[in-house]
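We begin with a single chain expressed as structure tokens, specifically the form predicted on its own.
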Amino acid sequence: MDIEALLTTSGQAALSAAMALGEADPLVAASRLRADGHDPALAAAALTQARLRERAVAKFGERAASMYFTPDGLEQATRPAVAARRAARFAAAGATRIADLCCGIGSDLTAFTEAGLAATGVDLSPGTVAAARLNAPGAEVVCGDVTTFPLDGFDAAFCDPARRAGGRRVFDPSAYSPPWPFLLSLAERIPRTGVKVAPGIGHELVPAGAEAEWVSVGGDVVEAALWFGPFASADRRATLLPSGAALTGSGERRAGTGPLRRWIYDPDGAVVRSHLVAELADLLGANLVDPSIAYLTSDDPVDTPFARRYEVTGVLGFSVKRLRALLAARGVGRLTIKKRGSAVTPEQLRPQLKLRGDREATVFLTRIAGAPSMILSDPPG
């Protein structure tokens, strides 16, 4: 997609017309633009950009309407809240000039410049570079190979390697681009280094001396990052946004197991991914209900940003018939189904329950001391 073409007078006219069509059928929209006299190739580029902007609203909100995207660039772009926190961390560590390697469409670049850093972005794709220059006008953006880009004069580096190939996500770090050895070598050249990785990265791949951080936004785990040098103040970190609450620890401890008690806690995904459930259990005075399941339970209710708390109102061995009868007796018509350690999916279970009533409840499909179980609760408190 030629972003530069969209910057011409005719390109801007086509883009405005495409944006005005909203969510019209793509074929109808294309015909409409051509009928209005827009060049077919320009109309196609404008419609693609308009659709990308619509998708980008989920990440960028109102900003999306004036930004430029590529399909892969949008998919991998950092959410503004995450980028702002990362930039603040670099600034607090004394960084002044940062190299943003594999800068993509410029989300992190924008945050770096807004935090007062002199930022230079580097990316191999000309289309992506064109988007980054428009989205982050306060930064320098270079089209080139990050593995050969000179880093003299930079006191900080950040790299967000490509984690997609052939339109599909790549989970194996050895398949990242640039390659894994290059990413690990960055910290040897520039101590203030951060590297974005997939949330599913194995703990065994985290280099010794690095801090691994998992970040969730609104309860959804959106990314992980490795932090080196002066950033590595903990082995593992779970960060929750927008609150900024953080939980740290070794990631090697295991919480104790005990009986189900009055309250059950569903830890945030960042806590689970960072292996900090034991640290959370300490804060709550809680134990696991099963040694391999990340649900915690306690006698007393404790407020925490790191988990959602539910009051237990019933527990039974796995039985659809008994659960259906119990929900019917309680008049439950709205049921949230949560699962860990169960082969049953919510999509399989829900039709069998024949829900009717005005009350709301939550059921946990899990194991208690190894036995398939169902824990019924009120909505979260």
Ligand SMILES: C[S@@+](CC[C@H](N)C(=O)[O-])C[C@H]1O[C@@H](n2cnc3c(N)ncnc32)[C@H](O)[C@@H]1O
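Small disclaimer: the values here were computed from a predicted structure and weren't measured. Heads up: residue numbers just count along the shown sequence, starting at 1.
Beyond the structure shown, there is the form predicted in complex with the named molecule, which is absent from this document and is the topic of what follows.
- Taking the partner from elsewhere, residue 298 is found to have every heavy atom lying beyond 4.5 Å of the named molecule in the model of the complex.
- Looking at residue 78, you'd find a heavy atom of it within 4.5 angstroms of the named molecule in the model of the complex.
- When the named molecule is considered in the model of the complex, residue 270 lies well away from it, no heavy atom lying within 4.5 Å.
- Taking the partner from the other structure, the named molecule in the model of the complex has a heavy atom within 4.5 Å of a heavy atom of residue 161.
- Heavy atoms within 4.5 Å of the named molecule in the model of the complex are found in exactly one of 254-262, 213-221, 172-180, 302-310, that being 172-180.
- Contact with the named molecule in the model of the complex, judged by any heavy atom within 4.5 Å, is made by just one of 150, 137, 144, 209: 144.
- The partner is not shown here, but in the model of the complex the stretch 86-120 reaches within 4.5 angstroms of the named molecule through a heavy atom at 102, 103, 104, 105, 106, 107, 108.
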